[in-house]
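This document starts with one chain, in the form predicted alone, laid out as structure tokens.
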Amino acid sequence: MRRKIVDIYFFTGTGNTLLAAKTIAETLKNNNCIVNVNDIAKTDPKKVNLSNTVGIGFPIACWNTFPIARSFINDLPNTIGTEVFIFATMGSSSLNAAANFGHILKNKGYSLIGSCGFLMPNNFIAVQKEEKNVAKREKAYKQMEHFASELVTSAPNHGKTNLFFQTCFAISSFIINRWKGNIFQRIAKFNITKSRCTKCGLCAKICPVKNILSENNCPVFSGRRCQLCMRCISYCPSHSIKFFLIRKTYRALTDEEMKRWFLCVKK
């Protein structure tokens, strides 16, 4: 890594990718780097400082990532040689989606210095007990620290891709690109258990794409911008938001961390 000023941009639903961004940032700081951590949902990609090293992190969905993170990557300016590294968090195999996104950025003129995926607790299907989640996170943290240390020493981990992975990525990209608003979101509807809802408004406040509106102090899902990131479900204090595939919820952040990052509430 040539430059020691690093801007990390992340998107997160339940918090796994934020934990990864913070772990990588802390390791880089311990190696004398100046690091800024930024939320993709609050960042204009056209204003990214191309004179700094850029890190991009996102969760995996369907061997790909969510529309908001894809749009951020696609809308980044073209450049000549800006260093970039990519990291992803997933509950199972990503088929090296991070490496495939690296190829997209290389075509935009970026110099890919590393790409890696980290297994983190599932937040969608087959959510495990917390003790298993803790063990999985601790194992991933060590891998994140190793990845970040390699970035500094210019011996990074580049995820490998192949024709099969690239084909799966192309198919999932086709699906994700059509997720923005129409038939898929009509199928995947969230429902509110009104008898449980306390009308606190937290779900609307923390939605990264402002998809949740308020109607008579009750949340209403517009559907057209939903990312299926599970943030509203995971952090609803009354567990009143339901989705037909979700039987158990997962949250990676404490309430204090959630408020700090999603609501910008300082300690």
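The first residue of the sequence shown is number 1, and the count goes up from there. Owing to the predicted nature of the structure, the values given are computational and were not obtained by experimental measurement.
There is another form of the same protein, the form predicted together with a small molecule; it is not shown, and what comes next is about it.
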**Request:** Tell me, please, which stretch of 115-123, 145-153, 73-81, 97-105 lies within 4.5 angstroms of the small molecule in the model of the complex when heavy atoms are compared?
**Result:** 115-123
**Any non-hydrogen atom of N191 within 4.5 angstroms of the small molecule in the model of the complex** = no
**Asked** Does I60 reach the small molecule in the model of the complex, with heavy atoms at most 4.5 Å apart?
**Response** yes
**Asked** Taking heavy atoms only, is A140 within 4.5 angstroms of the small molecule in the model of the complex?
**Response** no
**Message:** Even though the partner isn't displayed, in the model of the complex is C168 close enough to the small molecule, meaning a heavy atom within 4.5 Å?
**Reply:** no
